[in-house]
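We give structure tokens for two forms of one protein chain below, kept apart as structure 1 and structure 2.
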Structure 1
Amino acid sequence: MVKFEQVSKVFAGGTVAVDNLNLTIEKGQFVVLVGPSGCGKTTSLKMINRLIEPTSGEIYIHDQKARSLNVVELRRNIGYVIQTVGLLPHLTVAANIALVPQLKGWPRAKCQERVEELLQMVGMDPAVYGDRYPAQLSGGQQQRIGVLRALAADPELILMDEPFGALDPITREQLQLELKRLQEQLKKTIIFVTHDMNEALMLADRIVIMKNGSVVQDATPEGILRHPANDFVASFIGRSAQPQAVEELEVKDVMNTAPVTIEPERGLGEALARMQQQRVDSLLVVKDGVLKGTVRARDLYPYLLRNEIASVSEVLSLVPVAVKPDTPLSVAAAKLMDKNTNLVVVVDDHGELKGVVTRASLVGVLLENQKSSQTTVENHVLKAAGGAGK
């Protein structure tokens, strides 16, 4: 799909941004370029759609040299999402999404149908949001529209340059999960740039770690976690290069014993304020210590937009996964993977809430206490991090 063949970029003054890059990205892969500032990841991305031209070497798209293609047509056939969104402020949401299809000559009815399809895909009612302008949207909503605009003309290839970097942690995690869901559904080829290793681990099929314009390691998330290529990679992912022995752990050994909770009779405004204050996107609903369910930010918005007065009890959902404190950690990890959820709730025999185990905490356990042998715990933790079992 995309191939870099001995590609280098040297800027005026002699700064080497990319140094002899050789990289092949297959159709349908979600590849994340990650590394510290100045490592060459964004320059590499921009050379694909010729926002930056390489100094030497060749980039191929579908076996054609990128530099031989008409640059306007090239860019219209590649989705592109950036951190600053770049929506046109004088156009409505619908017009922003339909921009590239219109430039490609799609009929008006087909453009409208595509806009409605995409908005519904991310849970945004076309009747509510289609005629709004970017200034009337939150930061997260604007970024959703930016992603939809990149998808609008149904390109096979999408480039994403730190698209969620400017968002608050709650919105960022929501959009990461949404993007992962869309990729599983649409099977696009995505090349995604970030400096955040946790984001790379969550999203990628394959991670390319860069330093000083070169590739230091190119592997699956599983491969990088298990076998960092050198001290730089080990340091970047946050652990020693030498694996440490790990004991068989139970859920109670790693669970967070102080999750963010709310009572069922509380109002939705208070629930949202608590989420924002604690930087989470869901709350556990507890009455007299007993777990009643969970309430998610996305379930609150329809009520809040309509200014409806409602209590948490009216919107709570059942907890998707619950385990006991003495459950083996490997079982909790498997449940996280199988149920496609971000947390496992820990309750005792009487239903009282004792804590939670999250994907992030499982990855942390792996990074700090990885076994040299492939134990059941290690395998399930890696799968929960999105890196194994493919």
Structure 2
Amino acid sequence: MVKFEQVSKVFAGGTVAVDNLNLTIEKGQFVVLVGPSGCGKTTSLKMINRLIEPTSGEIYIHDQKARSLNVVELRRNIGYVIQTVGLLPHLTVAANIALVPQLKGWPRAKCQERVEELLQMVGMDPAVYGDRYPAQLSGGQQQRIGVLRALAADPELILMDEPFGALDPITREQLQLELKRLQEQLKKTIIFVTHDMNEALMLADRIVIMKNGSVVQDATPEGILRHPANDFVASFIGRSAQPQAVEELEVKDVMNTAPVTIEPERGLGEALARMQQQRVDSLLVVKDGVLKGTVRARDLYPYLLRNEIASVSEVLSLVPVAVKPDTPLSVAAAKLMDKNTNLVVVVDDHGELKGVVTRASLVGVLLENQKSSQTTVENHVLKAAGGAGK
């Protein structure tokens, strides 16, 4: 599907962003390029849709040289999602989604049909959201539309550059799950860039770890966890070493202590503005430190559409699953899986909100744990081999 053959990019000024990259990506794969900031991920991605041209080497798409293809056609056949969302602010949600189909000259009715189909696919009612403007959506909804826009013309290949990087952890996780589901359903080839190893592990069929413009390791998520190619990879998959064993951990050790909240007497307009600003899809409603419930973006729209003045207290829904700070992590994890929710809230005996635990926080813990046991094993092996290295 996509093949990099000895591709290098040297920017004016001499920065070697990509250094002799060789990579073949098969059709239907979900490949994640991961690595620290500045390692050349974005540059590699943009060379595929030719927003950046390589200095040397050749990129093939469907066995054709990318530089021999018409650049406009090429881009219309590749979905592209970026971190800043890049929705056109003056166009409605529907018009944004229909952009590429329109550029490709689809008839109007077909565009409209496609827009409705896509919105329904992510559970957004076309009648409610189609005519909204991007500025009227929460951060998570905006990026959903960003993803739908990339899918609209049904391209085989989709490029995503840190699409969820600016979202809060909870919304990010929700979108990751949705994306994974979409990919399994639609069988697209996705090349996804991130600097977040947890995200890579969650999404990828195959992870390509980059450093200084070249590939350090290219393997499945399991492969990378079990056999990190070198110290760089090892430290990259478990940055913050967590000495405690998983069994001993309590909720308070891993919870996110700064969830986005709002007071019940605030207006709905303010609630939406806060969701947009913080790029979340729901807020925890808190009065004097005590958790009252949650408010979700989709509960606001009926009111906002009717221009009704209402306060958060009127739309709040029940508190999702709650645990205490000293609840064992395993119990919280079981609740997360059991209730099929993506967060549990942490409250103390007085009902005060202390934090939230998300699926992402669990993945982080498990990874760190795996890594520490991994290094112990490796040390033994190394010692046995007389420290001769790998």
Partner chain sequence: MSQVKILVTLNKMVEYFAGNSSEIWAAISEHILLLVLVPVGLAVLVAVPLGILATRYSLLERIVMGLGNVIQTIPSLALLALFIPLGLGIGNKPAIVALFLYSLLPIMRNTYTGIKGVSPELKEAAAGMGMTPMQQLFKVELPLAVPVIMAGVRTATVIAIGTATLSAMVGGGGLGRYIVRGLQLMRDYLILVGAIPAAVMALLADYGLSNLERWATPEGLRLYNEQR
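Since we're looking at a predicted model, the values are computed, not measured. Along the sequence of structure 1, residues get numbers from 1 upward. Take the two forms, superpose them, and find the largest set of C-alpha atoms that agree within 1.5 Å; that set is the rigid core.
- Only structure 1 comes from the form predicted alone.
- A displacement of less than 2 angstroms separates the C-alpha positions of I190 between structures 1 and 2, with the rigid core held in common.
- Residue displacement note: G351 has its CA displaced by at least 2 Å between structures 1 and 2 (rigid core superposed).
- Taking 2 Å as the criterion, L268 counts as shifted between structures 1 and 2: its C-alpha moves by at least this amount when the rigid core is aligned.
- Here R296 exhibits a Cα shift of 9.7 Å between structures 1 and 2, evaluated on the superposed rigid core.
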